[in-house]
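Taking the form predicted on its own, here's one chain by itself in structure tokens.
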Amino acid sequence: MPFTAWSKVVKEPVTIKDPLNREAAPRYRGFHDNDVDECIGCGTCEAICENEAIDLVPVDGIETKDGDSGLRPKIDYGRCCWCALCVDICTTNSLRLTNEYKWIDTDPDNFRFVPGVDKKDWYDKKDGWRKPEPNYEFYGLKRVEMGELHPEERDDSFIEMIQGYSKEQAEAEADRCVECGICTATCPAHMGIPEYIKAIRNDDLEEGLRILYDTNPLPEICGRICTHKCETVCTMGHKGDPISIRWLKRYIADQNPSEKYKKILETDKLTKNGKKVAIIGSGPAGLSAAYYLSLLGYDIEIFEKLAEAGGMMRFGIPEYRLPYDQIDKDVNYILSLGVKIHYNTTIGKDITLEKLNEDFDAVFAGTGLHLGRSTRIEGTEHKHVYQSIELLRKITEGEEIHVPEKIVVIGGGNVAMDITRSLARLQKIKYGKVQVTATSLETEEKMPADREEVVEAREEGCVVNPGWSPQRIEIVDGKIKGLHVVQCLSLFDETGNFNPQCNMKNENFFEADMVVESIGQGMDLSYISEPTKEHLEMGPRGRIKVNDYFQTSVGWLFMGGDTIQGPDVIHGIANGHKAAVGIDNFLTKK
């Protein structure tokens, strides 16, 4: 405005005698600083820089680990234009611009440096440009919640409680992803998570399915029950909610009809190589190995002890979490590739392991953990003391089980929550009320069960009372009356060994007509004959030792899944995939 200019005409002009010592404005955009301890090397700053002035580089003393790439940004001031987009997009708020703008040096290479690592004079300055707070975000911090049935709609039914994303919800959630790839590094199967989330944004779900099947042939199953380790390290979780990676995976699988899989995945014409591989067990490891070996041209036959495929996915996880028709969708596609399954066939009884070796070029065993473990406290020999694995299998098979009015479940993991919630549903159907108590050695903060499982169990009327050590089951006149417990103070000693310490003076009693033990599962290796077992090299904790491709010391025998690594579905899938590569290498060289 001209009047504003004229108002200054009589004022004394300001002359800066020493411009090199002039202080910049408090929010001036000068040279970079980075808190390297807060930074996780996600690379969003590098991706957004239009001048390509930022490179992610390894730094001495900073190691790669879950949730941290081990890299840190290096700035090239020959390219930087001080736009501050790198600061504005930083997912951890570790990066900033100081208000220092003076840097004199005769060596041009010095103007490329790693902020926070290569120390500079301005590091003590507090002023400069930081991301304005609050509500100054390029991406939404709140996840799009997944719809689910209310407790009163699900507590007397085994219908699926999680409803799935709509198109609009999935695209909104996918739009939060910064495509950093931290999740991929953490995923046991190293799935192309940013790529399939991008496919959702682009509304190209066929491409999303192709990306899923690159590393995971059980997307319907995994999209519902994956332990989603990827979400625990999601970059967006540093300031808000992590991306719902598991639900987005499910969305892709749900939206692609199974009858189009062969065309989408281009598996309608597979070339056979004339070699055969036997697989023991149709759990996640066995099915994964079968899928990838089929793509490589092998004839695959699976030998399954039970009447249906799926292993612990079908017989250890309730249908309200994982509907059987979704298991069938994944399994049937694998079968459509020519894979054969021999049901009700027990290795070591109906056919020996040595016979498989004679009839097939290689054998892969993914037998899972199907044996329950007992606390061995007084009273566990009673007929109404059960193992959770046994009961979950009977529920899946539709067999009627003993369901009294009062039940105590011992255990704090996901399997314990599964049987707790399953029995609660059966109680609600039979009696119209729920009286199930779940207790564990661990305190609530340290319970291994997913937090959502504990919350949902309580919503359905279950009592979850952790932090107690079982001492004995009280039995009067041949009937169970309840469980005596004492307060558990700690689980491990100073050397890290399992050695629970209890306060014997702080006692409690949980009334019960039935007790279910769910303190872990064990492996059944009875199918391995003594001659073969003698040549197997054993690893720690009684597990069989395998190489990087899950080959045992008995060359033709490969093993994977929960008996080797886990227990969880995604590790089994990853094991099966890598074992398929190992078997192919073995037979090609052979």
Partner chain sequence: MKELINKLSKDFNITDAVYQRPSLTFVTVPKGVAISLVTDLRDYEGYSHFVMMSCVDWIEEGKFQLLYLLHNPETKTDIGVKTFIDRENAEMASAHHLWKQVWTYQRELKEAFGIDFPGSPRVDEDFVVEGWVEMPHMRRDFDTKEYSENTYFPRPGRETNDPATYMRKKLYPNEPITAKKQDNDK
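Positions refer to the first chain, counted from 1. Computed from a predicted structure; not experimentally measured.
Missing here is the form predicted in complex with the partner chain; even so, the following discussion is about that form.
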Which of 553-561, 517-525, 530-538, 35-43 has heavy atoms within 4.5 Å of the partner chain in the predicted bound form? 35-43
Pick from 253, 182, 317, 363: which has a non-hydrogen atom within 4.5 Å of the partner chain in the predicted bound form? 182
Counting any non-hydrogen atom inside 4.5 Å, which residue from 447, 424, 189, 347 sits next to the partner chain in the predicted bound form? 189
Exercise: residue 571 in contact with the partner chain in the predicted bound form, heavy atom 4.5 Å: no
Residue-level question: is residue 109 within 4.5 Å of the partner chain in the predicted bound form, judged on heavy atoms? yes
Just to confirm, residue 542 within 4.5 Å of the partner chain in the predicted bound form by heavy atoms? no
Just checking whether residue 64 would be counted as a contact of the partner chain in the predicted bound form - the rule being heavy atoms within 4.5 angstroms. yes
Sequence order please: the residues of 43-64 with a heavy atom within 4.5 Å of the partner chain in the predicted bound form. 43, 46, 52, 53, 54, 55, 56, 57, 58, 64
